[in-house]
Structures are given as structure tokens and as C-alpha cells.
Ligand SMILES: Nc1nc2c(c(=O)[nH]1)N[C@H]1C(S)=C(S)[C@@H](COP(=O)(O)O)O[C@H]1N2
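Quick heads-up: it's one chain on its own, the form predicted on its own, in C-alpha cells.
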Amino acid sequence: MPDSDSDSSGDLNVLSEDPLCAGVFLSNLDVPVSPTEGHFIRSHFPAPQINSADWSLPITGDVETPINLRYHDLLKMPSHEVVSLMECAGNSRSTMQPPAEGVQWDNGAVSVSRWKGVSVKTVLEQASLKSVATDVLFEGVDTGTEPHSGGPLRYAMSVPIEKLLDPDTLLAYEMNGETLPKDHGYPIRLLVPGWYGMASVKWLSNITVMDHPNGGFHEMDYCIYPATDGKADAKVKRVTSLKVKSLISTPTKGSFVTPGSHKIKGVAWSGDGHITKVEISTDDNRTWRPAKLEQPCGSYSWQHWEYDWEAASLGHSLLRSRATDSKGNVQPMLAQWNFRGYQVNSIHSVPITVRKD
């Protein structure tokens, strides 16, 4: 059985050692697929050490035929591959004012990888869903405590059946053509393309089919927009689909550039369709001009863009990017504030200075 050591975080910006949280440097986004060692890492609890020979994945609950899959069982099943962007729901949290609680990500909790595994649909069909099934709970091996959790818990999320019947939702065992690394969920992790990364549970230990959403701590107390109107019966909004967003990768914040021609580069993505337009402002939001945008590559990846800029005026300048997706969603100047700083998709602003050598 293949085994996996911890990732090296040498190419990442480490924000927390244990549990490991490490983001990418924006200057490294100019690639179709992120190298494994350059893919951001978000762990809620310390990464468990798992021996695949001793590991199994029971599928129980509202199914006609409960099954227990071993690692080699999954490797023998029909495989499916997806190139998918993953973004932490708390990415860009540090830009939110007033400050929100949580890991203070700048903009580096986003990457694209090529994932291979077994479609969740294939496994659920093998277990044969009962007619009452509406959601499936995925639990990880990792355990620990969260602020306000009231005690130890496992990381767990449920996903609606409709999303799981999409063949691109995977039980992934490979990342970029290699065995899934430990820090990314070895031996098996869930991959939910188009949703924020909190749904893609790592180090899977149990799958339970249910007739209702789970409603556990991470799902309904943590990865949500908490109600802010003071009403006791106000409904909270769960974090799911990726919002339209773009980031500038070149030049980077605080750069010095000389007068003349320069390329402004970056990436854009959305969970609600492909990107149709990226616009750039170099004059403090007074005018916006279209960037050159690459065609979509699959349904879940980012799209690169670039803009030819003539830096004529000496002094400080603020570069901004704004993306629009195929559903008509446009990046806002400021994202809606929420207590935990989730789904921040504000227009990316990069301060630079134009000066002569």
C-alpha cells in the first residue's frame, strides 16, 4: 500500500504550524495547475497519521446495502479525474473591516489541482440509497476543539444528494498524478468542486446517508453567516458555492515599477459559471478597461488574464481587478461583512509605486 509523508510547506506562507494552515504567494498563481507543494493547506485539527492497510470507509444510514470499503477497493473501482480550484471559505479574511475572527488569510488560500478518485455517485449507487435520503454526512478522522465548540469534536460536513450525484464530486486518492499527500487528506478525501474547501472533508472515516442535513458544529455553527438582526428564530445561511472573484498576481503589493509598459496579470474564478470579463482600473476606480481573458478550461478551474498598462505618472498608484461571471455576478467593491469573514470576494486592490530607476 502506498503511504504519504507530510507535505513540505517550503513554497507556502505558513500562518499556523499546528494545525497547519499555509497559503500561496500570489506571484505563484500564473500556472494552469498548482504544484502539489505549492497548494495551500487548511487544517482545523492536527493531521492524523493513517496506515491505509488498516483503514476502511463504512457507508451506512439510509441505504439498502451498507458497505465497508477498503483502500484497495476504491483503487479498483472506475476512476474519474477533475481539475478543480479549491478556495478556503476564509480566504481574504484579513482584508475585512471590522476584523473578523479566524485564521487571518491574506489572499493565498486558493489553488488548482488535478484530482483523481472514485465518483461519490458510484459508491452511493453500490450502497443503494433509500427513497428518504436527502443528505450525506462525511466525517474525518481528525479531532480537536474549536473556539466555542464546548468540547472535542470531529471535523464533519454533510452535502445534499443532488451535489453528490454529479460525477465530478469525488472520493479522491490522487493529487496531480501522485498519491494524496498527508496534509491534503491521505488516504481519501472528499472533493466537492465549485464549493468552498470546507466541504471537501479530509482523512475520511465515515459516510452516513441521512434524511436531513447534519446540522453539526462546523456545518451550522461555524461555516455560516450568523444571523445579525438579533432575532432568535432568524435563519442562518450556510456557506456553499464559490463567489465570483479575481486576484492580481503581478505586480505584487508594494512593488516599485519604472515608467513605461507593464503587464498586470492575475486569475479569476466563480462557482456559478465561467468568467466572461475581467476589468482593470489604474486610476482609483474612475475608469475600468477590459483585460485579455483566457478561455475556460473545464468547469471548475481558474482563468488567467492580463492587461497592458502604460505607467506614465510618477508616484503611488492603486491597481484594481473586477471579474464578472456567466450568471452576471460581479465582484463588489466591498464584500458583505459577516462575523467569521467568509466568502470575501471584494475587488482586489494592489498598491504600487511608479518611480524612475
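Owing to the predicted nature of the structure, the values given are computational and were not obtained by experimental measurement. Residues carry their position along the shown sequence, with the first being 1.
There is another form of this protein, the form predicted together with the ligand, and it is not shown here; the text below is about that form.
- With the partner omitted here, the residue from D142, E219, D135, E279 that has a non-hydrogen atom within 4.5 angstroms of the ligand in the predicted complex is D142.
- Checked against the ligand in the predicted complex, the residues V83, L129, V123, C88 give one hit for a heavy atom within 4.5 Å, which is C88.
- Taking the partner from elsewhere, every residue among H184, R189 and K202 has a non-hydrogen atom within 4.5 angstroms of the ligand in the predicted complex.
- Among heavy atoms of I41, some come within 4.5 Å of the ligand in the predicted complex.
- Of the heavy atoms in W269, none are within 4.5 Å of the ligand in the predicted complex.
- Using a 4.5 angstroms limit between non-hydrogen atoms, I264 is distant from the ligand in the predicted complex.
- Contact between M198 and the ligand in the predicted complex is found at the 4.5 Å heavy atom cutoff.
- Look at 307-315, 320-328, 42-50, 63-71: in the predicted complex, residues with non-hydrogen atoms within 4.5 angstroms of the ligand sit in 42-50.
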